[in-house]
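Take a look at this single chain, the form predicted on its own, given in structure tokens.
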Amino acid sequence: MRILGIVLACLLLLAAPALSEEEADYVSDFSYWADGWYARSNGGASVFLTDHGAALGIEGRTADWHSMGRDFTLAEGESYQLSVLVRQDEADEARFVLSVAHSHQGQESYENIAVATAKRGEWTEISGTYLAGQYERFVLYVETQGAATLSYAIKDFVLRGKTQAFGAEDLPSLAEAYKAYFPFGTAVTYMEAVNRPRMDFYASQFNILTPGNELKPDSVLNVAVSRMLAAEDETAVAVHLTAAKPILDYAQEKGIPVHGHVLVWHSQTPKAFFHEGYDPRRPMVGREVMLGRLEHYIEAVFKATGEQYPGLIVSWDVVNEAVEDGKTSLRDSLWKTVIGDDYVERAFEFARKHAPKGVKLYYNDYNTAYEPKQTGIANLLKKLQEAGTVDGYGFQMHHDIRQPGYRAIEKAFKRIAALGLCLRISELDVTVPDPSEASFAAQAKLYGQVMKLALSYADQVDAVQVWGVMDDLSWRAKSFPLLFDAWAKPKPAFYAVLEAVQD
């Protein structure tokens, strides 16, 4: 009977309609058997009805990506809210991921949308927001992490399309309000940039942009071409700006300056970068080869951005998050392992050598308000100042209404400002424990305090940038950290930022 069911599922899959752009909602109730869902695997996995026909199960898996999936037609640049219930009965607990496989010109790539841990025998919800990119095909699916052979089931899969009325309210502009003091900006991702109405709304509020991920090494380093070049020269590096192009194109068109983020980071950097022949299966390269790659990478990024977008990128985070939490020393990283403790200094040396004239060079880090890391950051900045290679410091203010507390933030800001460097609040967001009126009032208060602090140092501050625009697209979405809600409506924090400059 199970084989007959699989055959029927395949037949129904062919007949099952995908979500059209006109349909706002989709709910899988499995009233038509698998309702278009099928087993994603390289053979062996199969789907079947369970829970008295209300859920769809999968068994015979041999890899985490083996999963039940379904094709959907999604509109480029549109936002979708997704949720699904998942259950497993074989492990004390298991980690599940709601993911999307998208295809462009036949090339498939993947994104994780939301993650949840399901205990044995309990239906557990996974929910998140997905912003559809520039792809021809979308497959939504539920996979596991570290549980390749686990059987499980899903039910009540819901997809709701969201149509924000961007700019529907006659809002004052944050950029205009701070124009006399410093630029007020935000971080933007590729998927946001391909939605013109969204970007026009952003441009009405912000006058400096940072690509959130699209200028990080894993988006810029062209590993395949670098590998070919390494056959002749192990220090050769190839780069491309494909991921950042929609953001940079829009900024160039509108005349909005861009802050580059980031050249050197321990995270989101391909491991192949550190290995012979750009092959992670081979040994790591030595110090001198890695220094050559580091310089050639920085040079190539400056050259590519300078030639394709002359004058657009006004500043760069050269190194990001190099100081260890709870210490004054550098964190362990592949950069430190291969090059040594001076990799930060050498990165800034190369950046100063190759940066276009007038481009400011920043060191960027988080938890500046906490000791002893604050001292480690200050010591590093002093060393770079002595070498004449750093222009400023970027405060990542990923805070919460309960910690670290405004006084600690103020003290850290004052200490770093005393070094005489340029300053920027580079990544500002403030989380709350719940979406209550009281929490949003506390969030607004802290936003206002931070902005007044920045205004008190306006002669040193190059920019203030929130790390995202709308709560549902934030990397901290579940804690509602930004100035606008999921429907592009201003929150109390938005008005607190305005009031700070009007006092």
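All of these numbers come straight from a predicted model, not from anything done at the bench. When you see a residue number, it is the position in the sequence shown, counting from 1.
Omitted from view is the form predicted together with a small molecule, to which the following refers.
Just one of 261 to 269, 235 to 243, 331 to 339, 87 to 95 has heavy atoms within 4.5 Å of the small molecule in the predicted complex; which?
In short, 261 to 269.
Touches the small molecule in the predicted complex: Trp475 (any heavy atom, 4.5 Å):
Yes, contact at 4.5 Å.
Evaluate Trp33 for contact with the small molecule in the predicted complex, applying a 4.5 angstroms cut-off between non-hydrogen atoms, and reply yes or no.
Result no; Trp33 lies far from the small molecule in the predicted complex.
Is Ser99 close to the small molecule in the predicted complex, meaning a heavy atom pair under 4.5 Å apart or at it?
Ser99 lies outside the contact set for the small molecule.
Flag Gly392 as yes or no: does it have a non-hydrogen atom within 4.5 angstroms of any non-hydrogen atom of the small molecule in the predicted complex?
No.
Here the chain is shown alone; which of Gln396, Thr129, Gln205, Gln374 has a heavy atom within 4.5 Å of the small molecule in the predicted complex?
Only one listed residue qualifies here, and that residue is Gln396.
Name the residue from Gly161, Gly212, Pro217, Gly133 that puts a heavy atom within 4.5 Å of the small molecule in the predicted complex.
Of Gly161, Gly212, Pro217, Gly133, the residue with a heavy atom within 4.5 Å of the small molecule in the predicted complex is Gly212.
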